[in-house]
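A single chain, nothing else alongside it, follows as structure tokens in the form predicted alone.
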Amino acid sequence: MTRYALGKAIEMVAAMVAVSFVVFLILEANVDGVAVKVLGQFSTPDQRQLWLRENGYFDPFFLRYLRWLWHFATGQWGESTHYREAILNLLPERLAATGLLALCTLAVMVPLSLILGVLAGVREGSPIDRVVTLFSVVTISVPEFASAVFLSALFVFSLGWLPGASTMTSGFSWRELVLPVMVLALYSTGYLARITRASMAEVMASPYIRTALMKGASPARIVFRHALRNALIAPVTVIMLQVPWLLSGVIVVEVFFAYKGFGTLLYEASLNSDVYVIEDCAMVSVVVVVSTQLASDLIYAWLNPRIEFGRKAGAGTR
């Protein structure tokens, strides 16, 4: 297991370096464009040349890339040209806000979708299965902005139960968090329930499950003791893939509810050509994606030990 984890970690670091190179190539290959974004479109050519020289932009490209990568690794993230604030002070607060939103969404989405998926998969073709399937199809079909509009119209304007914005300007308020969490959870629950349902139905049709039934094992014992662990392999992979989406893929929801999170920061940075914030947000996203993918692989290997055994067997035949 240790060798497997080390190999996966090396693969993930290599992927992270490759993506960082692409990010740097896209955003900083044109040094004149960087100078315009930092100094503004009304800066003079002399001012841009002087700024480029002072910041080492006339050095070879790979030297600039390695220096930029070193600065990111050592926490020298520069200053936002829009907020006029150190990015290292700006980013953690936004990450924490989005992390809170993601945790609340996962806390609602994961148990609900797993329960629905298991119930539907165990009773394939039953009324419960059809209701879960209908619910999943409807929630998957409705995009986030549409469900945000519908839920706001219902809970904000018709019933008046919840606020329409989630600015958190007067401190944390769970009422302001309800609508964004509902929109995100609604969008993902149906998809995860469908994955769980299909995986559970496949496992329940396996020969070893039929053997357990013939031996007189109770349905609860069959589900929780024999079927659930194998059925969770696919859902766990999907859940881990939801984490990067909840970090940078929730821009629509955060902007809609004026939620000051990571997605809103990336959106505002893109609107204002805040190149250093865009670069750092992209790199943080890469780190999160790579970390969650590594965690997903390790959990997958724990749920399905045949992966490691297969490698050992293959090594022994050489």
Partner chain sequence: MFKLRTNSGRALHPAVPALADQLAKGEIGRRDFLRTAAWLGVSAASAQAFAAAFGGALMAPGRAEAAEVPKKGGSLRFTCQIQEMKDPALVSWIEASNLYRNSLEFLTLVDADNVTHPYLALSWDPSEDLKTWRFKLRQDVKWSNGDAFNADDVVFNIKRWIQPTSKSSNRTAFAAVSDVEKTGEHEVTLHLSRPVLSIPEMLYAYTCPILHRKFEEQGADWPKNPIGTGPYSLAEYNVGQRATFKRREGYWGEPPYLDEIRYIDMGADVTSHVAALAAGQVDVLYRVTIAELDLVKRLPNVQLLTGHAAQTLCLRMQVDQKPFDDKRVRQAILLAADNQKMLDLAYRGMGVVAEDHHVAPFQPEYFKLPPLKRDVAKAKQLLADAGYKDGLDVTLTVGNTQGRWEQDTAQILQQNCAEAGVRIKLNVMPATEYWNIWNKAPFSVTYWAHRPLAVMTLDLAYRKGAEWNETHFDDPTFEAALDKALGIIDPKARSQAMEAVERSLQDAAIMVQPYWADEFTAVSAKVKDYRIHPAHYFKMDKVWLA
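All values derive from a computational prediction rather than experimental measurement. Numbering follows the first chain given and starts at 1. If you superpose the two forms and keep the largest set of C-alpha atoms that fall within 1.5 Å, you have the rigid core.
Same protein, other form: the form predicted in complex with the partner chain, not shown, and the subject of what follows.
Among residues of the shown chain, Glu268 is one whose heavy atoms approach the partner chain to within 4.5 Å in the predicted complex. In the predicted complex, the partner chain sits within 4.5 Å of a heavy atom of Phe157. Using a 4.5 angstroms threshold between heavy atoms, Gly164 counts as touching the partner chain in the predicted complex. Looking at Lys215, you'd find every heavy atom of it more than 4.5 angstroms from the partner chain in the predicted complex. Only one segment in the set 51-59, 285-293, 65-73, 272-280 has any non-hydrogen atom within 4.5 angstroms of the partner chain in the predicted complex, and it is 272-280.
None of Met204, Cys104, Ile233, Leu90 but one reaches within 4.5 angstroms of the partner chain in the predicted complex through a heavy atom, and that residue is Leu90. Along 81-109, a non-hydrogen atom within 4.5 Å of the partner chain in the predicted complex is carried by His82, Tyr83, Arg84, Glu85, Leu90, Glu93, Arg94, in order along the sequence. Relative to the superposed core, Arg48 undergoes a C-alpha shift of no less than 2 Å between the shown form and the other one.
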